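In the form predicted alone, a lone chain appears below as structure tokens.
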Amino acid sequence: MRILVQKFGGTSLATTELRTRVCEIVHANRQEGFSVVVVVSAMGRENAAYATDTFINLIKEVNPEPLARELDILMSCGETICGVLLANQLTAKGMKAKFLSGEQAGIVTDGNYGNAHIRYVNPQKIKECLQEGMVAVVAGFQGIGENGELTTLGRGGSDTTACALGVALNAECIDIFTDVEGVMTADPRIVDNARLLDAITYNEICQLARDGAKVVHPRAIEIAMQKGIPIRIRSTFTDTLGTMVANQAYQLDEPVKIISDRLITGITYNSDIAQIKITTGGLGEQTGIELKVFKSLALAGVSVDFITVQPKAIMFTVHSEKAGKAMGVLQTLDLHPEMESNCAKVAIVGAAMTGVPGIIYKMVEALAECNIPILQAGDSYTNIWCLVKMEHMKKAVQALHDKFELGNK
């Protein structure tokens, strides 16, 4: 049995007409001999009647801090409503279909409300549907804890559902359908000559996602990578094949080709960041200040990033919405932190940059030519990032895209 898992985002399912397009895609793949599993998100985005954010806003009207268990139950309704509608629409168009909740699809989680992780999948009911010639329509974003309680999977949860099912069913491919053509070299809203990537490695797309690209959640990619199931990032609204995510670039039924050893894959960014700096030089011979700082922030639930520890200073960043809380925690430690608000992280990503001289030079040169000050910098084996002021973010992304000639084939 050749199995294809196809996930459709909320913008692809928002209306009857759009769901008709989804039905056409499913029908075409069944005609090619695939058994199809469809994973659905909730319909539409914020303010749409059945969108997840709409349900969240609804419950917050009666309780600004909703009970976690009840919130998960409510948030899961969007995928259930959408899945039932799509299963009926497929059936009305001559394709037998059956809707399955996350629990019925065999998705078992760690029971953590709001951000559960999948522990294992028992896809028996899905297999039964496929063996009977049905399309299995599965609610994304949800599962069941081993204690029997419904849980949701957090941001990117439907992508995670699709990839977990793809691995459990040994699918030939996982299609992630969205409202964009695929993975671009940069955000096309910022960079006019951003280019669609035909293929990208698992590691590269994970790094792009962690650095701000919102095409697919890195947790989903990591699941598919464990078994080497290829992922195609595609648009619901065109017939193009989008971007293939794998360690080897290929189309189904075509010879395998190795992805070219690209130096730089793309430029991405994260906004709404605040930089906090603590000068420790005046603390004399006091030791353990770093431990005290980061322990206190952790206990307060403040996530930190871009950490630089020097003999006389500590620098790190937090999301802007946590900046005030972080400053308050540090002041209780009798420290005098300084904050640089309205910052953004701009990153270059490429799996082949490790050990190549001149990459950081070109990055610094590109920003210097645009008179963009670098507030902080760091790197890993697949990326180099710079912290800049928010007002310089768009210019920095364009400058780096041009410097590394990513608009050229």
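Start at 1 and count along the sequence shown; that's the residue number. Note that the structure is predicted; figures quoted are calculated from it, not measured.
One more form of this protein exists, namely the form predicted together with ligand ADP; it is left out here, but the text below deals with it.
| ligand ADP in the predicted bound form: contacting segment from 213-221, 81-89, 292-300, 307-315, heavy atom within 4.5 Å | It is the stretch 213-221.
| message | Does any part of Asp179 reach within 4.5 Å of ligand ADP in the predicted bound form? Heavy atoms only, please. | response | Yes, Asp179 sits close enough to ligand ADP in the predicted bound form that at least one of its heavy atoms falls within 4.5 Å.
| said: I'd like to check something about Pro188: if you look in the predicted bound form, is any of its heavy atoms closer than or equal to 4.5 Å to a heavy atom of ligand ADP? | reply: Yes, Pro188 sits close enough to ligand ADP in the predicted bound form that at least one of its heavy atoms falls within 4.5 Å.
| task | Answer for Ile126 alone: is it within 4.5 Å of ligand ADP in the predicted bound form, judged on heavy atom distances? | result | No.
| Taking heavy atoms and a 4.5 Å cut-off, does Lys362 contact ligand ADP in the predicted bound form? | Because no heavy atom of Lys362 falls inside 4.5 Å of ligand ADP in the predicted bound form, the answer is no.
| query | Can you pick the one in Val183, Ile273, Ala171, Ala97 that has a heavy atom within 4.5 Å of ligand ADP in the predicted bound form? | reply | Answer to the contact question: Val183.
| Here the chain is shown alone; which of Arg45, Arg30, Lys60, Arg69 has a heavy atom within 4.5 Å of ligand ADP in the predicted bound form? | Checked against the cut-off, the match is Arg45.
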